[in-house]
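Below you'll find only one chain, the form predicted alone, shown as structure tokens.
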Amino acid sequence: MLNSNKLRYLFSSDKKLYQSVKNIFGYYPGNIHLYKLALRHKSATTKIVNGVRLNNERLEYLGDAILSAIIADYLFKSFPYENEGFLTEMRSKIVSRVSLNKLSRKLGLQYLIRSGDPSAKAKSAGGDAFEALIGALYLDKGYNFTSKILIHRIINIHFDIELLIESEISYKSKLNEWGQKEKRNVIFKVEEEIGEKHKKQYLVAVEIDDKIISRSQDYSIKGAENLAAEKAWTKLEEEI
């Protein structure tokens, strides 16, 4: 017997998107409009409704938080004897912009993104769209369903955890090396401590020649520095 989502797919004008979501995540969407919005890059913004621009930026924001929480929970349970520093670094490796952009290409998201700027797809649009899809999945199916899909359909299939443990990605080191080579002044500055005790997060800014290039926050200064450095590095790569 066909379920309601499969019936929507059969009689929908968005069959391609329904089938794409099914191929990637293993299920037919309930609210297809969430997924269409998740794949609309800001360069393809259509109109403003009640002051909200119709693109994937809000869903990206939500998906980023959901993705980070699920990965943190997964790592916490998978590595019960590792310390906070190890868990933070592993999470950073999985959810880094470079990692998510690479994942999006494996999933074929570049063929699904709606963009008003052809060059956007070659930058970080893929990783942004993946986070937005996680936001759409969460709103459509809830946290528990999203967690199961992420772990079984994404992490277990597309990530080699053992290889990630052995790999070392320090964007802070890369940024400092670049600064020395180019004779640019790179500074990492802790701007704010948010929360208390075990819930405390650190907001870190990267300054290049006294200009703030990026900001990020995490549960450790090291993690926040590397996330902010990654954002700064991505911007520099786009400008080169």
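In case it trips you up, residue 1 is the first one in the sequence shown, and so on. The shown structure was predicted, so the numbers you read here are calculated from the model rather than taken from an experiment. Here, rigid core means the biggest group of C-alpha atoms that superpose within 1.5 Å across both forms.
There is also a form predicted in complex with another copy of the chain; it is not shown, and the following applies to it.
The closest heavy atom approach of K231 to another copy of the chain in the predicted bound form falls within 4.5 Å. Another copy of the chain is not drawn, but in the predicted bound form it has no heavy atom within 4.5 Å of S104. Heavy atoms of A44 never reach within 4.5 Å of another copy of the chain in the predicted bound form, leaving it off the interface. Taking the partner from elsewhere, R91 is found to have a heavy atom lying within 4.5 Å of another copy of the chain in the predicted bound form. Taken together, V52, I66 and N144 are fully in contact with another copy of the chain in the predicted bound form: each brings a heavy atom within 4.5 Å.
Residues of 205 to 227 lying near another copy of the chain in the predicted bound form, listed in sequence order, are R215, Q217, the criterion being any heavy atom within 4.5 Å.
Positional change of I213 between this form and the one not shown reaches 2 Å or more at the C-alpha, relative to the superposed core.
With the core held fixed, V21 shows a CA shift below 2 Å between this form and the one not shown.
Relative to the superposed rigid core, the position of the CA of L67 differs between this form and the one not shown by less than 2 Å.
Relative to what is shown, Q217 and A136 are farther apart in the predicted bound form; their C-alpha atoms differ in spacing by at least 3 Å.
Figure legend: C-alpha atoms of S216 and Y35, shown here, are separated by at least 3 angstroms more in the predicted bound form.
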